[in-house]
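The chain below stands alone and is given as structure tokens, in the form predicted alone.
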Amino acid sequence: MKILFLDQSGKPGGAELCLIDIAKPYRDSCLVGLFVDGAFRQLLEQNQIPVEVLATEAIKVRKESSFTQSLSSVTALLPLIAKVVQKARQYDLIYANTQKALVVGALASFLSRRPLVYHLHDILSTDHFSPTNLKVAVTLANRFASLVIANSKASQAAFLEAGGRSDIIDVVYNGFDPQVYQIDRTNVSQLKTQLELEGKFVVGHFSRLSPWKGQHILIEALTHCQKNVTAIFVGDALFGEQDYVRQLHKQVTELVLEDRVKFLGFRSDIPQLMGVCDLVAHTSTAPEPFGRVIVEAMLCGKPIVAAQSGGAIELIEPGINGFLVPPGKPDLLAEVINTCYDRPEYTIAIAKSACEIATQRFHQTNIDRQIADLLSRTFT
């Protein structure tokens, strides 16, 4: 099956990392079309996945855009749509991996007479999107998509609640290669020394720095923890969120936590950095569509505490493979951190169980099979 994948981003976020894994089995006959150049293109090339940047300038419409802004953006998209239509005629189907890709892919699908798949990596709600963009996404999916793949039951439920068709949507979780998360303990020890974390109980937070990702909640939780507890934040701001970064640094200073908080910025050595951690924290204040970090922590053999909403509820069974706390509650987050600090044997047992469960449940081979079956049933 020849697939034209479409993605709006030049930066490798969760949806883009998922796309790399999905495209690998088709790399001999597929193409990934990007709407902007960047590090994501380089990652695709490193994985021997054919890629081409199709747009000459970035799409300016944002998740909170109004109807007028969205309409003017569609006009600006016409050259890109024309190029996608030309490309699509060389492939069996169009696979839109993001919302902007859905807009382009839907119109290209109609004009090229190629079927459309929409991979839904978002919770379509007003927590994340303007009412206009919600309406656009659901309307286009209902009208043009033959198949919608949701990355969690939470994403599926939000799609249906927003008016999406129940007969076109199926749930397939993100897939992972467990081998990637097998960590060399010597490298981890060296990294811990480099970061001056020896003798510390390290809580890791892995996400872009954004208000809804809730880094401020973990910082507040530290004030209720043992002084030996240190937090590392891996990630940086995207999409103009530098004001929040400044707020985080100000919060650290005001709480006198400078020696217990480290901001490491964007890093590519995520498994190794997770290996440094004694606990990984997920603190999103709005429902997370899936939560790749949660599964990655499990595969690294690290205990995970996550906000009790969205896709996280589907990934974690409290006391079996991790911990859940209500979103936005630093005092309850601190209780879990203190439990893990005080009961290391209990915590290690939970982490081991989580690794075993995640290896089976989210193995990339199983996920590839699920997607292949869906594509086969839908398009043959």
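Residue indices: 1-based, along the sequence shown. These numbers were taken from a predicted model, which means no experiment stands behind them.
Note that the form predicted in complex with a small molecule isn't included here; everything after this is about it.
*Only one of T230, N133, S112, N151 has a non-hydrogen atom within 4.5 angstroms of the small molecule in the model of the complex; which is it?*
When the small molecule is considered in the model of the complex, the option within 4.5 Å is N151.
*Using a 4.5 Å cut on heavy atoms, which of N174, Q156, S309, Q99 is close to the small molecule in the model of the complex?*
When the small molecule is considered in the model of the complex, the option within 4.5 Å is N174.
*in the model of the complex, which of the stretches 79-87, 102-110, 240-248, 291-299 has residues with heavy atoms within 4.5 Å of the small molecule?*
Only one stretch passes the 4.5 Å heavy-atom test: 291-299.
_Under a 4.5 Å heavy atom criterion, is H121 part of the interface with the small molecule in the model of the complex?_
Contact check for H121: yes, within 4.5 Å of the small molecule in the model of the complex.
*asked:* At 4.5 Å between heavy atoms, is A23 in contact with the small molecule in the model of the complex?
replied: So A23 does not count as contacting the small molecule.
*Would A15 sit within 4.5 Å of the small molecule in the model of the complex, counting heavy atoms only?*
Yes, contact at 4.5 Å.
*Exercise: F263 in contact with the small molecule in the model of the complex, heavy atom 4.5 Å*: The answer is no: F263 has no heavy atom within 4.5 Å of the small molecule.
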